[in-house]
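Just the one chain here, laid out as structure tokens, in the form predicted on its own.
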Amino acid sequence: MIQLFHVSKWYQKEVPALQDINLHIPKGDFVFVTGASGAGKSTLLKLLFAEERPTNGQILVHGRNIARLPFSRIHTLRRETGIVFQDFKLLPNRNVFQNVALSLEVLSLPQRDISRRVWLMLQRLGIQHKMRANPLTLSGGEQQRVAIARALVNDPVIFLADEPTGGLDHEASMKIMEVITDVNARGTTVLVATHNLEMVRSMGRRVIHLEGGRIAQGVAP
């Protein structure tokens, strides 16, 4: 499913964001990516989403080398991938419902199907009562759940989340992880970057720990 071969990413010559990463993530796996701020977690997710290009190495997703994927074909990769950014990237000129529906509109689904799927996803995340609200009027936690709903509503092949429970209390965090776990159980490959080590331990999933842009060997968070 996802393979990285000797992948490095340099933003500046003196400071590598990622260095010589070799990684294999099978289809349907659920992986946490941990590490201190600046360890390379966000960079790794951006590379998998093709928001950034590696300086060196190959990244294969479904056998496609996305490190060399033409920009004209990146949209195909992104339609198969749900991603939650730390800054959410919600559209202020669309309400909550419309923000979530956007992921389905690009697939040209019938409006009836879009409405049903968006409503069910908002309900699962407990924000259906906010569906007509402007996202900028919501709390940070509510905006977070809208971003997660948008990323998951089209049943992506791959789900990437950068701190999806950041700033939430334990109960709210676990509810979100229940939704992500359910999506994973239906076959979606999941990578979650997080500082929440208590949650990581409680989930009992595979952990990739980054230190200074490298995968740390034999390190349990």
Partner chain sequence: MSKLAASILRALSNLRQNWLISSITVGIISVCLFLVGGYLLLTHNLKEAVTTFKTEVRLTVYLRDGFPQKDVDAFQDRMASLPEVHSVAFISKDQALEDLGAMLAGNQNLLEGLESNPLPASLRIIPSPEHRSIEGVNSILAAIGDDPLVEEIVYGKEWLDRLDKVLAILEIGSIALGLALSLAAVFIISNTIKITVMARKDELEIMRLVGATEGFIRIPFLVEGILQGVAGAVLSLVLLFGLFQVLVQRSGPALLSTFRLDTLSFLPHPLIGLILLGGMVIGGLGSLASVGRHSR
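What you see is a predicted model, and the numbers here were worked out from it, not measured in a lab. So that the term is clear: the rigid core is the largest set of C-alpha atoms that superpose within 1.5 Å between two forms. Numbering follows the first chain given and starts at 1.
Another form exists, predicted together with its partner chain; not displayed. Remarks below refer to it.
The shortest heavy atom separation between Glu105 and its partner chain in the predicted bound form is within 4.5 Å. Put simply, Arg112 is far from its partner chain in the predicted bound form: not one heavy atom of it is within 4.5 Å. Not displayed here, its partner chain is kept clear of His129 by more than 4.5 Å at the level of heavy atoms in the predicted bound form. Its partner chain is not drawn, but in the predicted bound form it has a heavy atom within 4.5 Å of Arg94. Site annotation in the predicted bound form: the residue of Glu51, Glu163, Asp155, Asp29 reaching within 4.5 Å of its partner chain with a heavy atom is Glu51. Of the listed positions (Gln123, Gln98, Gln86, Asn134), a single one reaches within 4.5 angstroms of its partner chain by any non-hydrogen atom in the predicted bound form, namely Gln98. Contacts between stretch 177-200 and its partner chain, counted in the predicted bound form as any heavy atom lying within 4.5 Å, involve no residue at all. Relative to the superposed core, Leu109 undergoes a Cα shift of 2 Å or more between the shown form and the other one.
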